[in-house]
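Single chain ahead, by itself, as structure tokens, in the form predicted on its own.
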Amino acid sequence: MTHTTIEYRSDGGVATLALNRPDRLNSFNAAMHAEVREALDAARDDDAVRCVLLTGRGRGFCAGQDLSDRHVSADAAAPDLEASIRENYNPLIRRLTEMPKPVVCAVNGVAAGAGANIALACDIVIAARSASFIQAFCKIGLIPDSGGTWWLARLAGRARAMGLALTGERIDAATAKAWGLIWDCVDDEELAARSTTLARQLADGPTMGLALTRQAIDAAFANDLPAQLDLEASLQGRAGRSSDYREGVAAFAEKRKPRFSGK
């Protein structure tokens, strides 16, 4: 694949997708949406890929929508933002959350607007200490999209979700970790190594079991305990029929490191 707005490569079971419009803080235009969708589909369909690592190039992770890609003025017809979300952002979030493999996000700088919520949609988020998160929608009269209202309320609670969404206040990576929005905050020079190591660890793991774990945890937000117990039983049944389960038990009995196949 030839790309102009992203970088994509697969190595050692890890597909690395880097947003690559550094002059625009990796903000999304139509071309980037198409290329990211294509790359995520390729990662999903490639059996050699066992984990996806999402990051950005330059000094920012992603500034959300490139506003210069839309014509907005007082004397022009209003753009159809509902169509934009349904055609671009919602399919992107669904690809991330339905990926049958773990998704790690390395936030290397500012994550603003949809960029922040794309990061939150990933399974494990590690941010550089200099990174920051901004729900910038209120500054231009919009609401958080790309799953923002869903993630913020569940991860940070209503009070913090309302504060972030209504004020557009920037929070740093350390605060995002303390509030439970992300998994970890590391020194800037450690981000690449730490996120790559984690991605490779997950790529060596029991891929199907990890994907089922995500499915169960996400469902817990809506289920009561009896429904969640039923779901766990069903998903555990699927996991128990996997080759990885048999390999994991054999490795435990033989006191060796398991060699998971992801199947």
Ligand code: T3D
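One-based numbering along the sequence shown. None of these values were measured; they are calculated from a predicted model.
There is another form of this protein, the form predicted together with this ligand, and it is not shown here; the text below is about that form.
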Since only the chain is shown here, I'm wondering whether A42 would be in contact with this ligand in the model of the complex (any heavy atom pair within 4.5 Å).
no
Give a yes/no on whether D123 approaches this ligand to within 4.5 Å in the model of the complex, heavy atoms considered.
no
Against this ligand in the model of the complex, would L67 count as a contact residue? Criterion: heavy atoms within 4.5 Å.
yes
How about D23 - does it come within 4.5 Å of this ligand in the model of the complex, if we only consider non-hydrogen atoms?
yes
In the model of the complex, the one of A178, A153, I85, L166 near this ligand [non-hydrogen atom within 4.5 angstroms]
I85
Within 4.5 Å, heavy atoms only, which of V110, V103, I182, A106 is in contact with this ligand in the model of the complex?
V110
Heavy atom contact within 4.5 Å of this ligand in the model of the complex, the stretch among 232-240, 23-31, 45-53, 218-226:
23-31
In the model of the complex, do E98, R246 and F260 all reach within 4.5 Å of this ligand through at least one heavy atom apiece?
no
Between 106-143 and this ligand in the model of the complex, list the residues on our side with a heavy atom within 4.5 Å.
V110, A112, G113, A114, I134, A136, F137, I140, L142
